[in-house]
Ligand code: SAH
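Before any questions on binding or motion, here is one chain by itself as structure tokens, the form predicted alone.
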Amino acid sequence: MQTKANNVDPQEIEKFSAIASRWWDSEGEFKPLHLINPLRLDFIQQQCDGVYGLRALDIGCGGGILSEALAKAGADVTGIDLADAALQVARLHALESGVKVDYQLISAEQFATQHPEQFDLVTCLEMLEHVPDPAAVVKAAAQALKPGGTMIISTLNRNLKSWLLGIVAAEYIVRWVPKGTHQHDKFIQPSELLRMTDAAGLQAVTMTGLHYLPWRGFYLDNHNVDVNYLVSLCKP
């Protein structure tokens, strides 16, 4: 379903649409997502006591890396995004993989209005830092979540360290992501995110940081949320 949405940055859509065909190239621009996806899935599984049989909504699903992983783990998954090129790639890859995911071209706000309190799990990973009004997306995600359901959000903290690692290192030194992928002023501090989730009626359960060391790879650390971080929340 197509929709017009105010809470979208056309430049962000254009940026990701230009490289949409490479979503599933594990050595391409989206390599970091492929590397961290097992960690993200494990974290989600732990927070939900398993996702098998759950109805899940993946907001900002892109090419479907997380959506497919959730579906393979037994969830009934709907993935939504406003980048049509990415959704076309996601649908094609799902067909090739034999994985069932319902992909829809629609904003989180409109989708939540149409499907209030219908999902056991709502995920919104690496997406909030790319929209003009992240609080509106959080509110919509909470609206789509059932009482007692689980929401998982991941984004980037805003500080000097995140600028050095998330932009300078990732985009210019290691070159894991294309230059211009992120704007540091759009990064969200944990206190800011929690104000958004509080306003949406959600309760924080746990928060953990995502880190990388050359000799260790990616790992989670509950004591350090300086750069990338994940938050698990529940809806009373």
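The structure presented is a predicted model; accordingly, all values stated were derived computationally and were not measured. Numbers follow the displayed sequence, beginning with 1.
We do not show the form predicted in complex with the named molecule, though everything after this point is about it.
Engineer: Just give me the single entry in 152, 142, 127, 101 that has a non-hydrogen atom within 4.5 angstroms of the named molecule in the model of the complex.
Structural biologist: By the 4.5 Å criterion, the partner-contacting residue is 127.
Engineer: Suppose contact means a heavy atom within 4.5 Å; in the model of the complex, does that hold for all of 163, 204 and 211 with the named molecule?
Structural biologist: No, none of the three is in contact.
Engineer: In the model of the complex, is there a heavy atom of the named molecule that lies within 4.5 Å of any heavy atom of residue 13, even though the partner is absent here?
Structural biologist: Residue-level check for residue 13: yes, a contact with the named molecule.
Engineer: Quick one: does residue 131 come within 4.5 Å of the named molecule in the model of the complex, counting heavy atoms only?
Structural biologist: Close contact exists here: in the model of the complex, residue 131 approaches the named molecule to within 4.5 Å, heavy atoms only.
Engineer: Find out whether any non-hydrogen atom of residue 82 is located within 4.5 angstroms of the named molecule in the model of the complex, and reply yes or no.
Structural biologist: Judged by the heavy-atom cut-off of 4.5 Å, residue 82 is in contact with the named molecule in the model of the complex.
Engineer: Decide whether residue 193 counts as a contact residue for the named molecule in the model of the complex under a heavy atom distance cut-off of 4.5 Å.
Structural biologist: Answer no; every heavy atom of residue 193 is more than 4.5 Å from the named molecule in the model of the complex.
Engineer: Of 142-150, 118-126, 88-96, 71-79, which is the one stretch near the named molecule in the model of the complex, taking non-hydrogen atoms within 4.5 angstroms as near?
Structural biologist: Selected stretch: 118-126.
Engineer: Can you list, in sequence order, the residues from 30-50 that come within 4.5 Å of the named molecule in the model of the complex, counting heavy atoms only?
Structural biologist: Stretch hits, in order: 33, 40.
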